[in-house]
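Take a look at this single chain in structure tokens; it is the form predicted alone.
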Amino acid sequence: MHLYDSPMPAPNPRRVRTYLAEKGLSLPTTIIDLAKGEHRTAEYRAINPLGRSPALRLDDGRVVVESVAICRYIEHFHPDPPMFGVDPFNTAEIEALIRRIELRLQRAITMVWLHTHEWNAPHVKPQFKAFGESQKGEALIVMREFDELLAGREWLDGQRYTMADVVLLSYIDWAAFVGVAYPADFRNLRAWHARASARPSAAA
């Protein structure tokens, strides 16, 4: 297997690096520099036609795209420690958490990023800045929901550090980079963030 990765602050490639670190795994890697537009080159689009990072090329030439899908693929071969659940209910719970993060928090932060930051101006035409600004409020609503969920819990599923925590950490940190940091009074989320950030895998 060969991983096509991109450096910080890109959140999606970071998920895969964090997951691999939790598993104690490493893969041959090619860095795709998003700032230089390397994800838009014909060479990289031959690997991932969507022009997004990360991507995992298998030994037989097939390619797995999307960060969580890449981690799920690897999980089949390296199930310990379990990152996607330990029984049917826990697996469904983690899946629901990931979907909630991606469909609501990720979407809101992505809209802020695409429509308010000058870096995207050449690629997003037109930018709707008022819409982008409005999504900051939506992101904070979802963050508050996770702050409430984490009351009395160390990790999102209430049991152990899972892929849901990996996904949330990547987007909480990216939100701060984009300009949507969670408020100081989100105490449960802040405590969770400190725990997750202290794990060696968080530096991946």
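Heads up: residue numbers just count along the shown sequence, starting at 1. Just so you know, these numbers come straight off a predicted model, no measurement behind them.
One more form of this protein, predicted together with a small molecule, exists but is not displayed; see below.
Shown alone here, residue 66 lies within 4.5 Å of the small molecule in the model of the complex, counting heavy atoms only.
Although the partner is absent here, residue 116 is not a contact residue: none of its heavy atoms lies within 4.5 angstroms of the small molecule in the model of the complex.
Within this chain, residue 40 lines the site of the small molecule in the model of the complex, having a heavy atom no more than 4.5 Å away.
Using a 4.5 angstroms threshold between heavy atoms, residue 10 counts as touching the small molecule in the model of the complex. The candidate stretches are 137-145, 175-183, 158-166, 50-58, and the one lying within 4.5 Å of the small molecule in the model of the complex by heavy atoms is 50-58. Proximity of 18, 72 and 97 to the small molecule in the model of the complex is absent: no residue of the three has a non-hydrogen atom within 4.5 angstroms.
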